[in-house]
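Just one chain follows, in the form predicted alone, and it is written as structure tokens.
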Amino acid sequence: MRFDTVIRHGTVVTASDTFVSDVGIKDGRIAALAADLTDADEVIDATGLFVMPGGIDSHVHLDQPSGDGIVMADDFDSGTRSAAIGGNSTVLAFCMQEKGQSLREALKIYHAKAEGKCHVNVAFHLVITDPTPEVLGQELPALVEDGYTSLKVFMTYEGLRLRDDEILATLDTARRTGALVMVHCENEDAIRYLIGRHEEEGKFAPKFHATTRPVAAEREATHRALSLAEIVDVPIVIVHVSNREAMEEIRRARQRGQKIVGETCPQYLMLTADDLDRSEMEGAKYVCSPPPRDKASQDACWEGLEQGVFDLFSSDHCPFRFDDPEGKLNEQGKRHFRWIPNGIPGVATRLPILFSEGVMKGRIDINQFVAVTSTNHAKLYGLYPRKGTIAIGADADIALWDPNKRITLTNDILLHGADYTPYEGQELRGWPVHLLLGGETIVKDGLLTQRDGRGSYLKRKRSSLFPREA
């Protein structure tokens, strides 16, 4: 066989194995794993490099409505460009249903936003904010059959959150249709009460965002979400876990026999609530929900990754510009933490941070790295085995990593639309130096090689947590 491309002399890494092999690519897919493959139109020398499946970031917000006068910093062009720079070949973004809107209307809008602009592959999670009988009884089952096999519900944010009975109805529909539900777990009533107390005491600075969203509010909501899932008997994903207490709720639910997926993010490994207490409104850069906690919580989240409590490591990329009247420093946000847009950029830094701080420092091995950043995402969200692994027949979405390349993170190298990175100045060891999408090079030597979007929309199967489809 003559190949389109051969990757030579690299060390192939999957979620289960590490081995030296050449990789032969034909028609966008991996066609051979063997030694001494040479007959190809293009040969890529991967000497000294790890050959891994492209990252899959399954928690990304792009071009999403964010309130009056607030504009998200990334559209699908800039967001997926940044994803590619960080070694990702696929992102799963959110399609937000607005009140009174049908799911198909929302999807039409988001597909139009993404059309022709994506530098990596994209799929959509449905965000359910208005679970009417029509949505749950007609639209959602049909859309699951059409390949939209995951959805998200919120327990916080007025206008987004669902009541417990609405969550139960949504979970029951998910159980019957085979949709995997992601849950944002924070107790909105507790948060609103604490905001009121802070206002009475004149506490308006960014640091008070964290004290109005305490660990107990996340822990309680996590326990409640797990209880609702147990009542309906359906798997769920607990997203962006920030602390030990919520993590232990997941562990206990699994011990009861529940199928539960846990997710954490870089901000809970690298940032703390002290970052919100920086002077001159700098703390606004770090406002996200749940907020970063303390050093003990960081240690707990590392433990969760090491011990497998967390199956997924995602970015929760939710970018806003800092020094911008439509971003973090909008006029209301300058006066009150409540109006600072919640979210930080991170789609480009997710993989390098975990590689440097996890793999290179011995906290996790490189196979775990591949599992929690790519393979598990593909399996849980219906993309495996075409995505998330290096195997014959899989799509040739491949990242080449230089484990010895040292990078100082600066905002200008990340190519996102935000005017800052929360990890500015962080010294990292290990970087994705080459990325192929469907066998075609889109990043080389850390630079984009294609100006137009080459990514595709991905129709998905049901999650591996549900019975296999015929």
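Since this is a predicted model, take the numbers as computed values, not measurements. Start at 1 with the first residue shown and count on from there.
Beyond the structure shown, there is the form predicted together with a small molecule, which is absent from this document and is the topic of what follows.
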Exercise for the section: Please state whether all three residues P235, Y381 and Y384 have a non-hydrogen atom within 4.5 angstroms of the small molecule in the predicted complex. Expected result: no
Practice task
Mark G343 yes when one of its heavy atoms lies within 4.5 Å of a heavy atom of the small molecule in the predicted complex, and no otherwise.
Solution key: yes
Exercise for the section: State yes or no: in the predicted complex, is some non-hydrogen atom of F322 no more than 4.5 angstroms from a non-hydrogen atom of the small molecule? Expected result: no
Practice task
Indicate whether the small molecule has at least one heavy atom within 4.5 Å of a heavy atom of D316 in the predicted complex.
Solution key: yes
Handout entry: the small molecule contact at N330 in the predicted complex, heavy atom, 4.5 Å
Key = no
Exercise for the section: Given that the partner is absent here, state which listed stretch (287 to 295, 348 to 356, 116 to 124, 217 to 225) has heavy atoms within 4.5 Å of the small molecule in the predicted complex. Expected result: 287 to 295
Problem - Sole residue of Y157, F204, W339, Y193 within 4.5 Å of the small molecule in the predicted complex, by heavy atom - result: Y157
Problem - Answer option from H184, H198, R161, R244, heavy atom within 4.5 Å of the small molecule in the predicted complex - result: H184
